[in-house]
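Both blocks below hold the same protein chain, though in two forms, and each is given as structure tokens: structure 1 and structure 2.
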Structure 1
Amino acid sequence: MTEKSTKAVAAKTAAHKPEAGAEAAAPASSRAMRAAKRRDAIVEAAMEEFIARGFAATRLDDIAKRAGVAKGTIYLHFKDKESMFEELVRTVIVPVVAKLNALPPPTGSVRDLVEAFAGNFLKEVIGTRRGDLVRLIVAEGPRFPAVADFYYREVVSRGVAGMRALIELGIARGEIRDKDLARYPQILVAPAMIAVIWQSLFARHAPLDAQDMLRVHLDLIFGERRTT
């Protein structure tokens, strides 16, 4: 429903970029460049505000001010507040998906793979803006089915599938004993999610060493740690 016009705007913006290569060598301040920069500024500012206040309580005036832009400018890039929010989530998540797809090929032990992956996840997500985005999606998801759907399709389902593949590999190689685990890859990821939420709600009361917790959890799955 709100899709059409929003897509149109996005398409227009995107369509401009390619020009840079061909006839317009004028780079730094071509219209398309400037437009894209502004869009990015708006997205970043909106991200910050939405995370801090939630969707309903965020004022477009504040986003505009933070982005160094007039309010009207926002409406050159987004149809309305709602579709801005939805597009924002897409924009921020897409590069994450790209990273997921460019996973390193399975070499080494499964445990090392999982450990490297999860360690990286914790470092890049917990306590960062991305972590807050996860919380934001949990918070606003029920009111924005489009956002929840998108997140499920692009991140959750892929993540679950990837984890399942890894678990099955682990079972095949005898590193993981419990065969049922493949039915619930969520168990593998659960502590990481908990850590993200814990961080933003309870860190002040009781800081949580996510990396260490992860280690303990993996010991549970792969058996006691080798002595290293």
Structure 2
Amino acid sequence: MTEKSTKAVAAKTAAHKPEAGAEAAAPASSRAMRAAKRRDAIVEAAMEEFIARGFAATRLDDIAKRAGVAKGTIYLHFKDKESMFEELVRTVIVPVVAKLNALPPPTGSVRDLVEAFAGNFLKEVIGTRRGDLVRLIVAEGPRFPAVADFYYREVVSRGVAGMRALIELGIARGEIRDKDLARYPQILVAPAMIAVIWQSLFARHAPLDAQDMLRVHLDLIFGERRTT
């Protein structure tokens, strides 16, 4: 074989040979994907266990069994049961509330904006796993102050701040006449909490139309809508 031919074969071989960095990156990427899937499975199993058993009665052994992993695998992702519950709140509930603070300046009425957000919130919470988590916090929060404190920081405080901003805008525009409402923005979202609690306790006795209750509630605050 000539020197020219030898160089050609060597060049062709080099062109088809994967670089060392690429070989190392592929297994690392695969490991990361498997770890992410295991973490997602753990979070999903934790939600099912928390909802079924309550926060106090849920054990890491039960979560591991439901997720199909060894108990030790949980500690690769979470330090304890509390941090696992916090992750649930971040991934399941926080994004819903975050939409309030991400709303663009209203081009229509403030009521339209509040109604759209609150209506969507009710749809995404009532009768869903999110609603189950909220009820769990209401039921067991007093026994676990750290969990309640975390929920307040991540969810409640953000929701209250967003509602207060909308109320102040409504007052400035003359849509809301009672200026004291800005001191108690909790009033604006009260139907959501009532609906969540009612759904779990009394829905089988007296079904509640949460969306229609919201409409009546907003009529009390903004005034009844005029039909044309």
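Think of the rigid core as the biggest set of C-alphas that the two forms share within 1.5 Å after superposition. Here the structure is a predicted model, which means the values were calculated and not measured. Residue positions are counted from 1 along structure 1's sequence.
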property	result
Chain form predicted alone, by structure number	2
Residue 75 C-alpha relocation of at least 2 Å between structures 1 and 2, rigid core basis	yes
Residue 93 C-alpha shift between structures 1 and 2 of 2 Å or more, rigid core reference	yes
Shift of residue 84 between structures 1 and 2 at or above 2 Å (CA, core fit)	yes
